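Next comes just one chain, in structure tokens: the form predicted on its own.
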Amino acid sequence: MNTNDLRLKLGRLKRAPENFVSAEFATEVSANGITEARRGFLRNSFLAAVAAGASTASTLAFAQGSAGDPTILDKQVWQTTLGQPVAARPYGVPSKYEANLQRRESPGLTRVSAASVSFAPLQGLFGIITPNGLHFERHHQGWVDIDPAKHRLMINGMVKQELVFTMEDLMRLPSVSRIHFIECGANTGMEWGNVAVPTVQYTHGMLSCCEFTGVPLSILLDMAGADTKKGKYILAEGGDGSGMTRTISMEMALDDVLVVWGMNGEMLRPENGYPLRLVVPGVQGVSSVKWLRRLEVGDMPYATKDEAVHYMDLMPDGIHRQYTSIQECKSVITTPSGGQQLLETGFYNISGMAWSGRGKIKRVDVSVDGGRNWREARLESPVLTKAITRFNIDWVWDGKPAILQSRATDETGHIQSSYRMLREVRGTRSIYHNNAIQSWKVDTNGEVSNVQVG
């Protein structure tokens, strides 16, 4: 499709309400946060825009070379006044017009005390990197802000010399920076029981991808003289009130596990483990222990409270499958996705994310007819191991019903499964490790909703 054809055939997309709020709404959001009344105002604003039809000024401006559009012909206020000084924002924040793009808690999840989950707004993100302020959260007893001068990391167990590191000690060591995803094992968990939550933020939002900076765990183990032959496992312990502890295999520990203090070029945020966390690439997020305070080398799995009761897979025969850590090959279309609306027929760019805990994404196929036919999507660079890969594909919507799906393949040859195939093996009573193909239904009025197909 050439540029002229694209200009004339480009469709308009009403994104989820997180994108581009009005000046009045943005001011109210900044001052008072999001309330149901303001959510209603936002919904009504979009409905009014939809009711105006396809002959809006913005559409005409695009089709007619911007003739008659005052937003391009007339001087705007910001073109005739002084801007804000640098000192007004010593630490940068997003535009007020993006005030509604934020992590959100699911009203369908039970919250106990300070335990909580917040979902990243995948529908409003671009590329592969999650901004620090939008990285998803999972806390078992709330987040804490620890004084780095008082934080210590101990290494003990089957080692020649037990060591205790200060943050200064750790940050003097040779560091590396790597891009990896972190995904909660329960991501997409509500879909196991055929519960269709409305948007991609709630179906897949316990997923983020960042550049992490820290020291390889293998260096610390070598400094302590860890017994890497008899010591087959590492126990990682967090410093928050929940005392989160996880068993990690020595094989993983010596491979690509990082002890991290940096995220996207700055220190970790408190809700993401400041001042120190573990990052175990490719496995369920609970293993990337936050507020890391201790690493113990042992000769068997530790079967701690969070491993013997939680984060296990309930199989169809009633057996619990334990220590299933790897996040298998998975993908999801983020635009168009649930909660959005196609306002007219024409050209659209279907975009989404793919990832695998076993390495690099090799291929992503996209279907617009519920899996009957597939086309290979473009993988945008960089394509990195155990990181999110962005994919795109062209689509011309003709106004008929459609079901959008993506299916990823990783470098090991693993192909993302349909729900039917996954449930044949896993049943319907599980919570964790759901990597089934996600389906978005496009109705004739352009509304996009969550459905399950096969």
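In this text the structure is predicted, and so the values were computed from the model without any measurement. We number the residues from 1 along the sequence you see.
Although not depicted, the form predicted in complex with a small molecule is the subject of the following passage.
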* Want to guess which of 330 to 338, 235 to 243, 87 to 95, 191 to 199 is within 4.5 Å of the small molecule in the model of the complex, heavy atoms only? -> 235 to 243
* Find out whether any non-hydrogen atom of L295 is located within 4.5 angstroms of the small molecule in the model of the complex, and reply yes or no. => no
* Asked: Can G285 be called a contact residue for the small molecule in the model of the complex at 4.5 Å between heavy atoms?
  -> yes
* Is K290 close to the small molecule in the model of the complex, meaning a heavy atom pair under 4.5 Å apart or at it? -> yes
* To do: Check whether H180 has any heavy atom within 4.5 Å of a heavy atom of the small molecule in the model of the complex, and answer yes or no.
  => no
* **All of H310, R426 and H433 within 4.5 Å of the small molecule in the model of the complex, heavy atom check** => no
* To do: Scan T247, N272, T213, N100 and let me know which has any heavy atom within 4.5 Å of the small molecule in the model of the complex.
  => N272
* To do: Have a look at C184, I350, A120, I361 for me and say which one sits with a heavy atom within 4.5 Å of the small molecule in the model of the complex.
  => C184
